[in-house]
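Okay, so here's just one chain, in structure tokens, the form predicted on its own.
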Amino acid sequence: MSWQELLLELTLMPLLAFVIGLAMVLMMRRIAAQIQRRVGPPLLQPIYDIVKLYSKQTQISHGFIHELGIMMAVGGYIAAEALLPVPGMDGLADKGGLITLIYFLMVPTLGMALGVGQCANPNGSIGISRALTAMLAYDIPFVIVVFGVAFHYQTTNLAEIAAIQQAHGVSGWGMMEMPLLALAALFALQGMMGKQPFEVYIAPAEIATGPMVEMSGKFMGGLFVMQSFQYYTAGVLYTILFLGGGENWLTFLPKIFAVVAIPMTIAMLFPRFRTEDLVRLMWKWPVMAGLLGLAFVMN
């Protein structure tokens, strides 16, 4: 591949992630509206929200570190998209792999913590402490899953992992060969998305939206953009690891939308977990399923 083709892929991959992520945000808001017997938002509402947030005057900026933190929160996901192979584009998947991707997925939460830490607002500090605790909770089962998948396929290259599954058909999907790891990964990705019932770091009734309390205008717009990347990344990563990736976009898109929609729809029926409940849940069932799945894979 020439450097021009690589540059084109590295430009298109985040753009596609952003557009598809916005569609996922709209889908989740409409699902929530149906469950709550409300009229959902119109088709272009996510775009309206972003334009509105970025057009507002930013009332408060706490300096360079505050702004750098938001750039890290969005930039971590943009960098991660280059490592997630999609139909027709592999990007840097053969140069980075799962290990590098794990580090990139930690950057957004750490960036948000860095930015909010400059605000000196107790509500923001409480929210960030909860977000970092949640990250520690879901990262343990996630790392177990990544190790198990890498051991099973003897590679950390996501493009190779998807190709191996596609070569064997549906019976060769990771979900079929490693069902316990697939279950553990679903729990971990659910926590990673930070939505119901794992949204304790926001908790508007308790800590006035936590990390978002000092965010307005472009900062809130940045977090909205980050959310769209977050949904897309979770759906694509799970699809590559356990659903055979996608040979074309017609088979790929339904998978990634289902990965985000189905568990989130079920989760909306449950109340928000407290921080200690979240840690207890993540370190109990997903870790147990992941360790059992790892034991089966290594036999």
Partner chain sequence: MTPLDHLLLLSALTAVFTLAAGNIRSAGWIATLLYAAQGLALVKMWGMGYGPEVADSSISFQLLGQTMHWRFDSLSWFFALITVGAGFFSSWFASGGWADHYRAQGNSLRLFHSALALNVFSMLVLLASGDLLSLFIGWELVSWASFLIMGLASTRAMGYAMRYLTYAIAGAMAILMGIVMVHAQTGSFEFAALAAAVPGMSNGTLWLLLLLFGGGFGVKMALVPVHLWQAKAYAETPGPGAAFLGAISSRMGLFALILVIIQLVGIGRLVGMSIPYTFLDARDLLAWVAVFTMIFPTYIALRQHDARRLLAWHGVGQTGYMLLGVVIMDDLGSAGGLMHVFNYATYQAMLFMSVSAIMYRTGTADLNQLGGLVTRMPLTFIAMLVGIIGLAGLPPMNGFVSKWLIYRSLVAEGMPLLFVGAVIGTLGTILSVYKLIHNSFLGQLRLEHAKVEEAPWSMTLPMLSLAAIVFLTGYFPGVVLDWISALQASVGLPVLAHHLGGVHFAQGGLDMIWINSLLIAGIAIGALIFYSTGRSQRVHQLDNYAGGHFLSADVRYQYSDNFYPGLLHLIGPWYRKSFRWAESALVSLTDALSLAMQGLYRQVQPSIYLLITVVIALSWVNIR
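The structure presented is a predicted model; accordingly, all values stated were derived computationally and were not measured. Numbering follows the first chain given and starts at 1.
What comes next is about the form predicted together with the partner chain, which does not appear here.
Using a 4.5 Å cutoff between non-hydrogen atoms, residue 194 does not count as a contact of the partner chain in the predicted complex. Remark: residue 104 counts among the residues lining the partner chain in the predicted complex, judged by a heavy atom distance of 4.5 Å or less. Though the partner is left out of this view, residue 87 does not reach within 4.5 Å of the partner chain in the predicted complex, counting heavy atoms only. Using a 4.5 Å cutoff between non-hydrogen atoms, residue 271 does not count as a contact of the partner chain in the predicted complex. When you look in the predicted complex, the only residue of 182, 144, 226, 159 with a non-hydrogen atom within 4.5 Å of the partner chain is 144. Here is the short version: of 163, 186, 114, 175, the single residue with a heavy atom within 4.5 Å of the partner chain in the predicted complex is 114.
Contacts between stretch 148 to 164 and the partner chain, counted in the predicted complex as any heavy atom lying within 4.5 Å, involve 150, 151, 154, 155, 156, 157, 160, listed in sequence order.
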